[in-house]
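A lone chain, given as structure tokens: the form predicted on its own.
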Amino acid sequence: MLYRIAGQFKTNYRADQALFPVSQDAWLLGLILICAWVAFPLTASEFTFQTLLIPILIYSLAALGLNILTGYAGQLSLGTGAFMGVGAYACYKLLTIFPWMNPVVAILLSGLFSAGIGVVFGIPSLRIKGFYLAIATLAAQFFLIWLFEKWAWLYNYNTSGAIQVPNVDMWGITIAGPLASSTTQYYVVLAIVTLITLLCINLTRGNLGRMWKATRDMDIAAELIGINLMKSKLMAFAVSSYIVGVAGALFVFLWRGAAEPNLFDITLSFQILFIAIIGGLGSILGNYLGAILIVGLPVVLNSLPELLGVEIKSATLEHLNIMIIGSLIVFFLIVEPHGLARLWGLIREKLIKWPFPH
């Protein structure tokens, strides 16, 4: 089988705690990266870039940010969409005030503004938790959307109340705006998502990640053994909001091209939450699996009748789409409540132990 691990010995603790203790995992990741960096850009169409590849990466990054807060630190949040909006509006203002700024730098800096707002609204987590904290973050969602609508300075006093992404160049290549190519935008999004994912893997495997997990599992016991709960929770809100803010900047500048305040409403927050839950809380891989299911599968289902030569009305197709996605979500949660990442983990364990049944 593919996961035959005979002969893979660990002779020290460092090797035993390696990121890929099984070499086949490293080979599988390498294959995925080759497909993402080489195969997809050479074979994908404009439609595939705009409806599958770019949105899946952006939604995966946003779910990763929420997963840091909810899956690893155990703090509920329903304001993800609004924090994405903070990143988008911050990036828009940075590139408006400093038009000479490198757009990738502006995107990465925009996350700092979202992190600051996240820390402010994360302060109630020091006294409340669970659904009460979720309500507090829901209040942040409504307040920030109201701010996006009423503070005209954020959208440069545009009469439409929306932000329009201008043509933005980097090293002579247009990476954002109407003249930017989808391939260029895809590479920029992929580079940023890959970088942040690697950073999150290292964070969650280090001291900070262990501190978050202790806070999530039993915060009182964590405090008794010397963990600073204030530092742990506020760091989780800061890191999570930073990642979500960067995802919001990518969402507008490298995919949508324009945005109104209602683009970041509660529906977007719930969609990101569903991706994190379906993929698996407390998992890096789960964010990508959840995004493929929630974002990618509807596109495939919408294209399937045309490929099969079957005529279905658009309204009927939309209803069927919702029914199929909802049924799959319920099915996966029944089969494996811990998400698709855990389901893949079980399959991987079976492959490693095959043909033995235990």
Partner chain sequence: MHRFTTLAVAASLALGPATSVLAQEIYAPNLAYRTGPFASTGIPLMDGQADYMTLLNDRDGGIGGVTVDFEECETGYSTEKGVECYERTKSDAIVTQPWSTGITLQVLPQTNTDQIPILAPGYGFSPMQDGRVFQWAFNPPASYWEGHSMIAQAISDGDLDNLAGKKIAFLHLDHPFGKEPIPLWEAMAAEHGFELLPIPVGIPQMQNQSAQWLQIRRERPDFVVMQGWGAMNATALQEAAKTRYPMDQFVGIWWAGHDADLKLLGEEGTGYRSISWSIPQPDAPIMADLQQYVIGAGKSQAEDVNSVFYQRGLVISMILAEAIRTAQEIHGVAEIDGPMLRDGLANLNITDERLAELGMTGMVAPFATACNNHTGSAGAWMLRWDGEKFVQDSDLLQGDADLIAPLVEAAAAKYAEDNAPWPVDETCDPQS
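Residue numbers count along the first chain shown, from 1. The model shown is predicted, which means the values in this text are computed figures rather than measured ones.
Not on display, but discussed next: the form predicted together with its partner chain.
Residue-level contacts in the predicted bound form: of W27, W37, F331, F47, one residue has a heavy atom within 4.5 Å of its partner chain, and it is F47. For the options P124, G209, G161, G116, the one in contact with its partner chain in the predicted bound form, meaning a heavy atom within 4.5 Å, is G161. Shown here without its partner, the chain carries T51, N167 and R256, all of which come within 4.5 Å of its partner chain in the predicted bound form through at least one heavy atom.
Heavy atoms within 4.5 Å of its partner chain in the predicted bound form are found in one stretch of 314-322, 66-74, 29-37, 285-293, which is 314-322. Contact check for G130: no non-hydrogen atom falls within 4.5 Å of its partner chain in the predicted bound form.
Within 4.5 Å of some heavy atom of its partner chain in the predicted bound form lies at least one heavy atom of L179. By the criterion of a heavy atom within 4.5 Å, D217 is excluded from the residues contacting its partner chain in the predicted bound form. When contacts are judged by a 4.5 Å heavy atom cut-off, F264 does not count as touching its partner chain in the predicted bound form.
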